[in-house]
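Consider the single chain below, provided in structure tokens and representing the form predicted alone.
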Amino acid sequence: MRTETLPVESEFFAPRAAIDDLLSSFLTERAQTSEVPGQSALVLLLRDFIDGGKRVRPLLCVAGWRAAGGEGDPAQAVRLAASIELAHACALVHDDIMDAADSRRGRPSVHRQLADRHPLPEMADRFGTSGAILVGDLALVWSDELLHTTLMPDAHRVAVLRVVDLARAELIAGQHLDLLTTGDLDVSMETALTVVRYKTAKYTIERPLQVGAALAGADQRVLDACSAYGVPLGEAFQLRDDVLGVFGDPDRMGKSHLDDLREGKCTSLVVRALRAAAPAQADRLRALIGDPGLDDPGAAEVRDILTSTGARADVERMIEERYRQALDVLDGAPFTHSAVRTLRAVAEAAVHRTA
């Protein structure tokens, strides 16, 4: 979902350059002034990792600020948005370790890059994992620095910090639940959707909007509207990711379409398929999903079963239901008119994207 594949109106992307510039200059300065041996290399690795990110969450932070009536120079909203992007970088680096993912955004993941640089093969993987954990930790530390140096009234700061703390705790809870359910193909649809809600929906849409709104001094009505719009849209966003993870173009996605299947992720697609599958189809799904040696023909067989059982069509309906729910919220939301227009475009792009 890079900017060129997310055709949202230009006002949504207007802060993008400012966010990118702040992140680049901040990390470059940290690399140049570090007196700790070896740290500059980690900082530059983090800067390169962040380059090219989608910026969905920070841009939604600025959109939330606008929605709650933020006007004038968006410099402080941009600073807060950059903080969110650094925290997201921490989450992604650590997520790739947990998923043993070799690539991210079409490039080797951070732990793989570090492992590939190590001169001793027998120590390379451990070095890569350990170094990547530290890179993620650095990103979180500097996220806090940007957060706490964002200028705002004290009353607004209390609200902002409360939402940031919620977002981080919810993400960790969602990640843990994802770990608990990976490899278990017997989870309920309710459990699968709970993972979606906490790992992605709240963290990706609801909380970034609320962080920006809180910066602008939003009242509870505005914060509640952010939730009513953000949770269903965030669920639709992740359900679309689930579909693209299996059926999407790997070149456009920037990662293999085998990853989720090899890991044994029990997504809504898999839950639906197992409920509707004939015994022979269910047996094949259980044999193929979670197989670390799954190849392209095996993945093609999984896709055929997900389609023939109606699972893919069912999940597409779930996506559309949540998309419509989010749009209905905007009809009565206490947001500025321009923000409503932008958030409608965001919803369309997030749900009907192809990468």
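Position 1 is the first residue in the sequence shown; the rest follow in order. What you see is a predicted model; the values in this text were computed from it and never measured.
Although not depicted, the form predicted together with another copy of the chain is the subject of the following passage.
- When another copy of the chain is considered in the model of the complex, Q175 lines it closely, a heavy atom lying within 4.5 Å.
- Using a 4.5 Å cutoff between non-hydrogen atoms, A276 does not count as a contact of another copy of the chain in the model of the complex.
- Although the partner is absent here, T200 is not a contact residue: none of its heavy atoms lies within 4.5 angstroms of another copy of the chain in the model of the complex.
- Although the partner is absent from this view, D241 stays clear of another copy of the chain in the model of the complex, with no non-hydrogen atom inside 4.5 angstroms.
- Only one of L223, L138, A124, L258 comes within 4.5 Å of another copy of the chain in the model of the complex through a heavy atom, and that residue is L138.
- The partner is not drawn, yet in the model of the complex one stretch among 278-286, 233-241, 69-77, 192-200 has residues with heavy atoms inside 4.5 Å of another copy of the chain: 192-200.
- Interface residues of 149-170, taken as those with a heavy atom within 4.5 Å of another copy of the chain in the model of the complex (partner not displayed): D154, R157, L161, D165, R168, A169, in sequence order.
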